[in-house]
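What follows is a single chain, given as structure tokens, in the form predicted alone.
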């Protein structure tokens, strides 16, 4: 054998040995994480799951889903994962106006992923996905975002030996299918529960009374909270009207399911655009209804201080800009949400320039003013201070949600 042949044979042997001994692509803890822990004493749990799986199986599927969430093998170019756009330090949103997809930028700003196990239906800005199992697959098959087909995803995963034990633990055998990928990813997303903010702490200290001053808040933060949730009959004319899940019954207002929700239930038109044909149609792009033009689902306000930029197109870089928009920038459209419309009955917009939470007492004959919330600079400052209390630092660094492909 020549010297060159001997060298080639030696290198081949070395590469074969290194391949056989190469470490796994990802690292999971020896003791599996509990992805659905019991909340702290005194706290009312935010529902993480809307399924009836035994906890052990739910945890195994969430562990598999976590690996899938961060695996670039799910993109056509092997360069992007779900976690590339949904970044933990930004509450699983992105700090870019439009995220970088495998083939092109995303069409809209990336929404945060938190507390989605509470939602029964309606995912994405336009609510186009009816359920979470479908919602987690749509970015994978979107041409710009990850650019794959589900048969191609299944084929790739079947060729990766490190997935067989995870699928076996999660489903009882090593079979890989589109449905199982969706179930596992959805289970991980359900585990992304944020309920460790100063707002949550204050709600416990106040005995669950969202109207009371929270003892762990500053005076500024409590004023902002009062503006946000309203009081008594002004609930219908507060930020909470659009941003909290609730309903009105014969006995008055109630929160559904909890005041911790901080998540919109329906799409609304908040006057971002004037309703021109070339504006993003929002929900109307799904339903085809003119009544839905310009309506978008508001993402959860939890961790809002770290999810900039804001709105479906990321047009606002700061919370101060958002408050300025609601005070002076709301545009008139045919289906502008009544909370922002200049009627004296529908909300803060129009009527008279006294305290916005007293607007409902204005006479219908009062001169109308600009659309929006008529917030003073001090009130805008107080609201921003309150929104900062919704940041959950533990959630933003929780190890069980972190990228398992990064070496510890």
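Since this is a predicted model, take the numbers as computed values, not measurements. Positions refer to the first chain, counted from 1.
Below, we turn to the form predicted in complex with a small molecule, even though it does not appear here.
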Exercise for the section: Give a yes or no on whether every one of 243, 337 and 383 sits within 4.5 angstroms of the small molecule in the predicted bound form by heavy atom. Expected result: yes
Handout entry: Among 284-292, 206-214, 77-85, 163-171, the region lying within 4.5 Å of the small molecule in the predicted bound form by heavy atom distance
Key = 77-85
Exercise for the section: Work out which of 148, 91, 132, 191 lies within 4.5 Å of the small molecule in the predicted bound form, going by heavy atoms. Expected result: 132
Exercise for the section: Would you mind picking the one in 222, 324, 106, 197 that has a heavy atom within 4.5 Å of the small molecule in the predicted bound form? Expected result: 106
Exercise for the section: Tell me, yes or no, whether residue 99 is in contact with the small molecule in the predicted bound form, where a contact means a heavy atom of each within 4.5 Å. Expected result: yes
Exercise for the section: Answer yes if any heavy atom of residue 128 is within 4.5 Å of a heavy atom of the small molecule in the predicted bound form; otherwise answer no. Expected result: yes
Handout entry: Partner contact for residue 373 in the predicted bound form: the small molecule, 4.5 angstroms, heavy atom
Key = yes
Practice task
State yes or no: in the predicted bound form, is some non-hydrogen atom of residue 238 no more than 4.5 angstroms from a non-hydrogen atom of the small molecule?
Solution key: yes
